[in-house]
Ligand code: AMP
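In structure tokens, one chain follows: the form predicted on its own.
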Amino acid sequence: MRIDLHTHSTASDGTDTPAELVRNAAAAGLDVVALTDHDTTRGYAEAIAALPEGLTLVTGAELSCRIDGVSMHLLAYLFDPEEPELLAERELVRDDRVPRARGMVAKLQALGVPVTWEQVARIAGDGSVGRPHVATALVELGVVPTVSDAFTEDWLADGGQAYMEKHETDPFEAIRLVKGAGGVTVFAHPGADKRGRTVPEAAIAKMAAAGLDGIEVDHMDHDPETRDRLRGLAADLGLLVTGSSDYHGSRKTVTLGEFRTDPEVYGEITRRATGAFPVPGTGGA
């Protein structure tokens, strides 16, 4: 059973529409794929309508959080998308993305980069605008060769010259909200130090005590040593271990299913969830 629990569509900063994403997931030989766009569930309906037979969709989102000045992402699975408290918090985070992106454009212009808000808005389309859209604009302008190269201190990494903060949820509050909506929480790519500062293990232990379900270990931004360390940490804290591609379509080099989650862990995630259920494909549109 091939399971990928972290992907993005054009509902946030991926390049595949939700329908294309599930069709591509089936073509890649996946049995289960999670749609985890940033702070939004807007892609659900299109993905479900196009879901091919033989592919199961796990609905989710990647929530923007911050602890002690460090940005982090929390994957939330199988929660009730209409639960009022969690919905209000997601909207608050999402609505702050536009002024944040405009602020990054202004900083880049001050650095002499001829980027415009119109260019970034075109790239984002109807998606929830984020740093990858600004990074794509830098690639288009020839400022950096790839999206990943924009996430440095010179440009868009946390604390970088063109970085702007946005509203981000306290992770303990996010865990509480997701649990209240019947969902399951996994700390996304906790060892991705190329993106900036990472959350200390002591803080992860406190999150585990507060109800965090798991950590994403097998990820393109974790080298083998980091994976081994995180796997040991998960064992010590009694956390589930997941693996996933963090697929963004052509915006990243990683492919669907390049990193995967063990079927037993997937089964435990579905057992813990009460807010929603995985959706089996019936042929799609």
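It should be emphasised that the depicted structure is a prediction, and the values quoted were computed from it without experimental measurement. Note that residue numbering follows the sequence shown and begins at 1.
Keep in mind the form predicted together with this ligand is missing from the figure; the text below concerns it.
Partner proximity in the predicted complex, defined as non-hydrogen atoms within 4.5 angstroms of this ligand, places exactly one of 128-136, 199-207, 82-90, 174-182 at the interface: 128-136. The shortest heavy atom separation between Arg229 and this ligand in the predicted complex exceeds 4.5 Å. Looking at His248, you'd find a heavy atom of it within 4.5 angstroms of this ligand in the predicted complex. At least one heavy atom of Lys252 is located within 4.5 Å of this ligand in the predicted complex. In the predicted complex, no heavy atom of Trp155 sits within 4.5 Å of this ligand. Along 20-51, a single residue, His38, places a heavy atom within 4.5 Å of this ligand in the predicted complex.
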